[in-house]
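Here's a solo chain for you in structure tokens, the form predicted alone.
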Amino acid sequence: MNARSHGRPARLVTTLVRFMADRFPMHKLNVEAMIQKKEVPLHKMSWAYYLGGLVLFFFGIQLITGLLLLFYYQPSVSDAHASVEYLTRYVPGGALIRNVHAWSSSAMILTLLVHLITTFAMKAFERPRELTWISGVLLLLITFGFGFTGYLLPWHQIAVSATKIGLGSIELLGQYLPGSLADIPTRVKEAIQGEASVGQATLSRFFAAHVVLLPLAAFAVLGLHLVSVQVHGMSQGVDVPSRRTERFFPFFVLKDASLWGVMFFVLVALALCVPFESFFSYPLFEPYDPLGSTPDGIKPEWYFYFVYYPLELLPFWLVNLLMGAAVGVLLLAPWIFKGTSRKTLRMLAAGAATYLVVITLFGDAIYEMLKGGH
């Protein structure tokens, strides 16, 4: 090997060290720089700065209510549904805790999506905030993992049937892969499922993922995200930097806490007045019967509609290709859109938001219309 070949690893290490030093400067890793002297810009988009804290609030509600549910939940196919019913009907406050858990999960995902879209529109992923953005995208994927694994735990008709469809879609990828690669999706499905069909092994693995693996991953990535946010502060987010600022502590923190208080009141009121399951017909929440027929109306949670309805209407390979490309673009956004103007980014963000709103609210009507047309 020549001297040039020996120098490449050294240059790579040097570049990586400089990159990390720029993203986590040691002189800013202290309470004074990260809290006491931190300033928050004030401009027309300042409201977006509160979305990240709101996601954190809903995540905290998920942790607390989830821990309370664990006192009664039994992760077995014979007892899971009965334990949830017992908690809901006979444990004082059980129905409230369960409803708060369900509503806060949807609220967290909704807020996280809005947070991601506004952050993209504000170009808040610019250097030195690349890792802040990437960790945020990873948190979104982990949150979807929470939604998918938690959906199965009540072990009722809609939960098991929807999970079967979701796992089955993994296996379908094999038909688009050449040679021995075609077996990989089947093996992945079997590894997740744990047995020939969705059963006790599947429930045990989903339970472990939901209460252990995903929380550990969330804590690790969230820690990186929060440190990065505090070190670099809030991005200006506008083309003309604002001269007006306010101190992060105590003024911004107090406003953040006030918003949390209001949202907690709304969440509890909603959980008291509107049971989350009231949006579905009763047969979907009967205990799962492996010998019975699949009831009508089996769908994933609303936050998966953006991929569910395209899968119903478009070629399977095309939807998976587009979704994979979308994840790749999100992760690489700091470099792909490095020279893009905020005006263009706002247009792209508005287009993504419009798609999500339309497919979530009117996806079923669009599906019926197009299906009827054929």
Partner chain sequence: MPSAFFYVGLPYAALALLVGGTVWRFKRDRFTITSLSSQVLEARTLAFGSLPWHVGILVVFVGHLIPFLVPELWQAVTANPAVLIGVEIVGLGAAVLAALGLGVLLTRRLLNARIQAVTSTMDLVILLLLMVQVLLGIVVAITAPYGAAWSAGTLMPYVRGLFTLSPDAALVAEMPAVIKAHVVLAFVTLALVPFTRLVHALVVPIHYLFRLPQRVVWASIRRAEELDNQPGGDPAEGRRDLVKGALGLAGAGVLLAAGVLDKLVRFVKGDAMSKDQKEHHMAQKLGRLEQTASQRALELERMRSETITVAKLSELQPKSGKYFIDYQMRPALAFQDEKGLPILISAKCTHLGCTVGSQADDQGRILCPCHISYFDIKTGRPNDGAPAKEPLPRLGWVIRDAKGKVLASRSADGTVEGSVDPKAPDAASYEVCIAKKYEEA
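Every value quoted in this text rests on a predicted model; they were computed, and no experiment measured them. Residue numbers count along the first chain shown, from 1.
Same protein, other form: the form predicted in complex with its partner chain, not shown, and the subject of what follows.
Put simply, L213 is far from its partner chain in the predicted bound form: not one heavy atom of it is within 4.5 Å.
Although the partner is absent here, V77 lies within 4.5 Å of its partner chain in the predicted bound form, judged by heavy atoms. Within this chain, S180 is remote from the site of its partner chain in the predicted bound form, having no heavy atom within 4.5 Å. Among heavy atoms of Y72, some come within 4.5 Å of its partner chain in the predicted bound form. Taking a 4.5 Å heavy atom cutoff to its partner chain in the predicted bound form, the contact residue among V114, I165, A220, L226 is I165. This chain is displayed without its partner chain, yet in the predicted bound form the stretch 86 to 94 from 235 to 243, 115 to 123, 136 to 144, 86 to 94 comes within 4.5 Å of it by heavy atoms.
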